[in-house]
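Just the one chain here, the form predicted alone, laid out as structure tokens.
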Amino acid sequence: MGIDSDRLSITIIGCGPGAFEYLTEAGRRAIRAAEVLVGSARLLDLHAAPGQETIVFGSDISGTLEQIERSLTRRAVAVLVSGDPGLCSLARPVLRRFGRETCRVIPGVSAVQAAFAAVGVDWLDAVILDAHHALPLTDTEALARREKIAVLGGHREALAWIVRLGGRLGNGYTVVVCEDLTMPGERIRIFEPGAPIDGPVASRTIVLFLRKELLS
């Protein structure tokens, strides 16, 4: 099916780290104006109004893109992403498929921002690693020269990888495990590098490795 770019209207909206109040007013207006909302079941439950058509985004990215394309004829589509669209989100494949000239991007507060804010440390020169979708290939020696490292990862394999990374980085760091930031169940715990992280963690988990002097 051919795409007429003059008829496209896609807004990609960063919905913040979790809590409803972290969605910007610009994001709220765009959600209200949309006729079709695309996003995870959690985001659709949180933001969809009665009568709005919804498309649940799961693991089938190509299938979701096809559904978006079928919904575009004379209808405004809003794609809801967790955190900020610039960090590991559905925004990248949507922009690649439909083009930047046909999409508007509304930024949001990322979980990485929320994690650094929770400990009162700026994140200007932080290294950000995504272990949520696949375990990253890293240069431990290069990482050990950095003061701030943030890792996205909330599943068992990612957690084990994070513990191993801490062991390699050594005792110059403090490990901060941040779960469900801004949500009622928010939990922030401190560990030594390489120490086991007790129990299961939430799927929305950010782990910070911070040089100890940053928290002193």
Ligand SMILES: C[S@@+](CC[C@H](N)C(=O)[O-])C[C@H]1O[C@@H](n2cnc3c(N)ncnc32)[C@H](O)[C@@H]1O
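Worth saying up front: this structure is predicted, and the values here are computed from it rather than measured. The numbering used is simple: start at 1 and walk along the sequence shown.
A second form of this protein, the form predicted in complex with this ligand, is not displayed here; the remarks below concern that form.
In the predicted bound form, the one of 152, 175, 36, 159 near this ligand [non-hydrogen atom within 4.5 angstroms]: Here the answer is residue option 152.
4.5 Å heavy atom contact with this ligand in the predicted bound form for all of 88, 183 and 206: Each of the three qualifies.
Non-hydrogen atom contact residue 133 with this ligand in the predicted bound form at 4.5 angstroms: Residue 133 belongs to the contact set for this ligand.
Touches this ligand in the predicted bound form: residue 111 (any heavy atom, 4.5 Å): Flag for residue 111 set to yes.
Touches this ligand in the predicted bound form: residue 71 (any heavy atom, 4.5 Å): Contact with this ligand, no.
Residue contact check: residue 102 to this ligand in the predicted bound form, 4.5 Å heavy atom: Contact check for residue 102: no, nothing within 4.5 Å of this ligand in the predicted bound form.
One stretch from 80-88, 134-142, 94-102, 119-127 that, in the predicted bound form, holds residues within 4.5 Å of this ligand by heavy atom: Contact criterion met by 80-88 only.
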